[in-house]
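Encoded as structure tokens, the following chain is the form predicted on its own, with no partner shown.
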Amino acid sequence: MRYVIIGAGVAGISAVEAIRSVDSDGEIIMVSDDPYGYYSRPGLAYYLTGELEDKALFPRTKEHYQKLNFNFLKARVTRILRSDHAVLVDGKSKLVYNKLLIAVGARAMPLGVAGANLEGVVKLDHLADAKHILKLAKRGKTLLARGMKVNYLLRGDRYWSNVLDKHESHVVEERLTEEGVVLHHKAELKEVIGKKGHVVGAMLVDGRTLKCDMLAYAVGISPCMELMEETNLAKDRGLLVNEHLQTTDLDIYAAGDVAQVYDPLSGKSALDSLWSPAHEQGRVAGWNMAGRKAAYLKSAPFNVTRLAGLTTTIIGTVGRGKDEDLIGIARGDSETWRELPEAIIAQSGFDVNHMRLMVGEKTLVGAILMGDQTLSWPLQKMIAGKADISSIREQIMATDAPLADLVAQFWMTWRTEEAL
């Protein structure tokens, strides 16, 4: 049995580990053109700020890879030849497979304005991007954490408007301003101005011009779908897969950012760009590829991130539809967050320690915690486990309700009952 995995991200590595837990003898070949192999994408931002060294981005040891006994081929798959059960590598050599996993991820949406290709216009997609940014930064003027004056362009009237409410946006913006970031609301880039091939400024749609030595953009990501163009595999925003992570070709699987995964509990197919779903999808795909039947049941998506230095956890359905600042889904994002919930809002704390709960008829469907993270894990488990909060729902919805105390007390009771 030969397993071929395209992509070296968390979904790909998780699939290798899952395959090996079932099949100790099959041949596994991972193909990727990323020179750095598997590393922590979420850690790249902290690498840029200097909080992590590059070694800390690599969570697996050489010994771990040796135990997995797979071959890594540094190359690019240029075509999938379904009729031959093979992939074309670097446009010339065929690599035959019995089971194929597509885990090629997603990439940053291009900056569609004149001057986007000038030196100094950067994105943060890969470790190579991060290293390039730091190389440019060493010329003297760098990121805010390293002393650079930063201007932040927002198309809308507030920060991350489809996920955060007005208060939460205000808290983040206020902290950014305190750190020295200059915010420009309802501002849109028209053209990148260059001199001798390097960026020197940004022209806005309203006619203003901002001087700059570096221009970073993050307008959304899109699944890497080029390989699927000639395959006739079912696709939508991403590559469509069933709960077993199979495409419409049952020997071809997909996982991670490229996969639009069907969730039998909701009856919907959604994109996620989060580490945990990618890891779980890779594992389920690997098990199924190796013959162990398993279903991927989408749990409430969550992410623990840092917004303007403020730790923030986002869980489940909390959104308000489309975000004006994004063309597609963002990295570290979930389409589920953007679904408009059938819920009532309960919130407490109007400083940096803030909790917002989306309260359904009998369950919590989403939550945002800013600052104090004591209840982050309990809320993740309660929302994912669809805990029946009927007994405290009326108390939660009361004016000035002590939400933290109510949630903590309920968690202790519910956890005990679940254990029994």
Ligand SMILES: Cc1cc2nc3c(=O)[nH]c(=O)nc-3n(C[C@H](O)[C@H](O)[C@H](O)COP(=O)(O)OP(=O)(O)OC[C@H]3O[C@@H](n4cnc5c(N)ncnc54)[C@H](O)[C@@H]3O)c2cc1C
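Values in this document were obtained by computation on a predicted structure and should not be read as measured data. Start at 1 with the first residue shown and count on from there.
One more form of this protein, predicted together with this ligand, exists but is not displayed; see below.
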| property | result |
| --- | --- |
| Contact test in the predicted complex: Val4 vs this ligand, heavy atoms, 4.5 Å | no |
| Contact label in the predicted complex: Met382 to this ligand, heavy atom within 4.5 Å | no |
| Contact flag, Ile193 vs this ligand in the predicted complex, heavy atom cut 4.5 Å | no |
| Proximity of Ala11 to this ligand in the predicted complex, heavy atoms at 4.5 Å | yes |
| Stretch in contact, per heavy atom within 4.5 angstroms of this ligand in the predicted complex, of 245-253, 98-106, 165-173, 285-293 | 98-106 |
| Of Val77, Leu189, Val199, Ala270, the one that lies within 4.5 Å of this ligand in the predicted complex (heavy atoms) | Val77 |
| Listed residue (Leu210, Met214, Leu124, Leu154) with a non-hydrogen atom within 4.5 angstroms of this ligand in the predicted complex | Leu124 |
| Any residue of 11-37 that, in the predicted complex, places a heavy atom within 4.5 Å of this ligand | Ala11, Gly12, Val31, Ser32, Asp33, Asp34 |
